[in-house]
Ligand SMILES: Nc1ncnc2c1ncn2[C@@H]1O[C@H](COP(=O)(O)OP(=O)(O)OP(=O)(O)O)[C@@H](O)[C@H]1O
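Just the one chain here, the form predicted on its own, laid out as structure tokens.
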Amino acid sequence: MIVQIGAEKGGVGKSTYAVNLSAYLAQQGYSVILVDTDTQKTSSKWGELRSHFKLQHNFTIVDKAVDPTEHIRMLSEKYDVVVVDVGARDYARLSELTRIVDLWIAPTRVGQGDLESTLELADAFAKADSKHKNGKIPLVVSINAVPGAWNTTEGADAYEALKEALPGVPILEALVRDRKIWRDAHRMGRTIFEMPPREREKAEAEFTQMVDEAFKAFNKFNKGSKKNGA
């Protein structure tokens, strides 16, 4: 299976999603490779940081910023899951990779510019549906970095706005909130799952709920643990 994490706008959490999704699926017993196609190489640099701290990770990371599509297709024959970190505003790359993807997760923040960018991405994907191997690009939108104040409605407001504007696109109900633990984990070269249990509990629950909902949206993959015989 090929899962791509991409958005038109930068700074929405693509690389954070990519490394943590890779780690999460690997924990379930799947063989996972993360392909970093972004010229900024955020995922690759995260992997280098882990090496600096002498940390092992349970999935493979490769850097493939040039002509990645065929390489990704070949990797999908060797690994259970290929997670792809797609660079922002790389329109040629976005168009090329939509042809082979099994699930595309588009993170967005709640700001007006972020939401408008997401609408533009969805519109571009709708126009490119015919180029996809199954005739429809399996796009889902995840609302990320929602302000953490208990009384904020920004996440819910963004969800309702996207739901109304994109009736044909699954907008994930699980909101991933802006929590310091995400920044701490990245700075230490760790995934959220490697942070102290009591500190990561809420962030982990939000992220895994988002992942479950994303995969169920297209029923493309049984995300149950292979270790448990699923």
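Remember, predicted model here, so these are calculated numbers, not experimental data. All residue numbers are counted from 1 along the displayed sequence.
From this point on, the text means the form predicted together with this ligand, which you will not see here.
Here the chain stands alone, but in the predicted complex its contact with this ligand, taken as any heavy atom within 4.5 Å, falls in 35 to 43 among 53 to 61, 159 to 167, 35 to 43, 66 to 74. The partner is absent here; in the predicted complex, the one residue of Ala88, Val140, Ile100, Ala124 having a heavy atom within 4.5 Å of this ligand is Ala88. Across the proposed site, Gly13, Thr16 and Arg177 without exception bring a heavy atom within 4.5 Å of this ligand in the predicted complex.
In the predicted complex, this ligand sits within 4.5 Å of a heavy atom belonging to Arg183. In the predicted complex, this ligand lies farther than 4.5 Å from every heavy atom of Thr118. Using a 4.5 angstroms limit between non-hydrogen atoms, Ala145 touches this ligand in the predicted complex. With contact defined as any non-hydrogen atom lying within 4.5 angstroms of this ligand in the predicted complex, Arg109 is the only contacting residue in 104 to 126.
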